[in-house]
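You are given structure tokens for the same protein chain in two forms, set apart as structure 1 and structure 2.
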Structure 1
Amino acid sequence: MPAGTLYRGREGMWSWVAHRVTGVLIFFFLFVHVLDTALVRVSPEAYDTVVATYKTPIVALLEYGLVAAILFHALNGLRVIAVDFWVKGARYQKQMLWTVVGLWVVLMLGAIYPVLGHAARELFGS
């Protein structure tokens, strides 16, 4: 392990860490997702069988996590672009991060019913 890499940053460092972690997670899902979609070239039954697993309650929770990762990566990515290209971007990077976090919380609350609703109906009955 490289020594002395504990960088005691604040918002800037932790948003960088979160951007990296969410990016890697999304990229790994993308491989799986292209593979499962490729099953439409095998047969409708093969595709529908695999997609059925995406509709189970446990995977619904994973989908909610995927939405969380993508929304953070998207919003924080726009912040990174603003830091790089907007003259005052670096000065307002903290305020922009908290804006990102606020928007993310609102969007994640809004995603609860559409993404997890069907799982709740399956688990607790409609």
Structure 2
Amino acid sequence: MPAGTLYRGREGMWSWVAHRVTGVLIFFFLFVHVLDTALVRVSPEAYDTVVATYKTPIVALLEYGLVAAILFHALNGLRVIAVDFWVKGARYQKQMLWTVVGLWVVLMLGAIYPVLGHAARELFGS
């Protein structure tokens, strides 16, 4: 690390980076969602074509990524609120981050079947 570098790659910096990245990804999804929904007023046939592409296994994997981004962003956002507004928040920020990561992993494991089940059935049969 160069001398004088503020961030040293610790947990706090990586949670900051992940929070920004997930926020941008969620924004991008919302932007695309508004555009494709607006397409129904321009051309219902084109809208139907776009929606049909959303039923592919690749898009199901992207949906799982979207769930992962939203869930991490929400849980980490609660952690940021706790760090900012709880008197002892800064002291326990590392423990709270690992709690967020653990909870995120458990919830993402639980989301595998509901989000990817259709894609798995389409690829491998019932």
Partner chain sequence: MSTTETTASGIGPVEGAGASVYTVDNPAPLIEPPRKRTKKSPKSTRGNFEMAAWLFMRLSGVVLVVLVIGHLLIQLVLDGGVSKIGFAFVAGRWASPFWQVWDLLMLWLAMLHGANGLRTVINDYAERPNTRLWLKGLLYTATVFTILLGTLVIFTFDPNIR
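Under this definition, the rigid core comprises the largest set of C-alpha atoms superposing within 1.5 Å between the forms. Here, residue number means position along structure 1's sequence, counting from 1. None of the values given here were measured: they were computed from a predicted structure.
Only one of the two shown forms is the form predicted together with its partner chain, so please name it by number.
-> Note: form predicted together with its partner chain is structure 1; the other is not.
In Å, how large is the CA movement of residue 49 between the two structures relative to the superposed rigid core?
-> With the cores aligned, its C-alpha sits 2.7 Å away.
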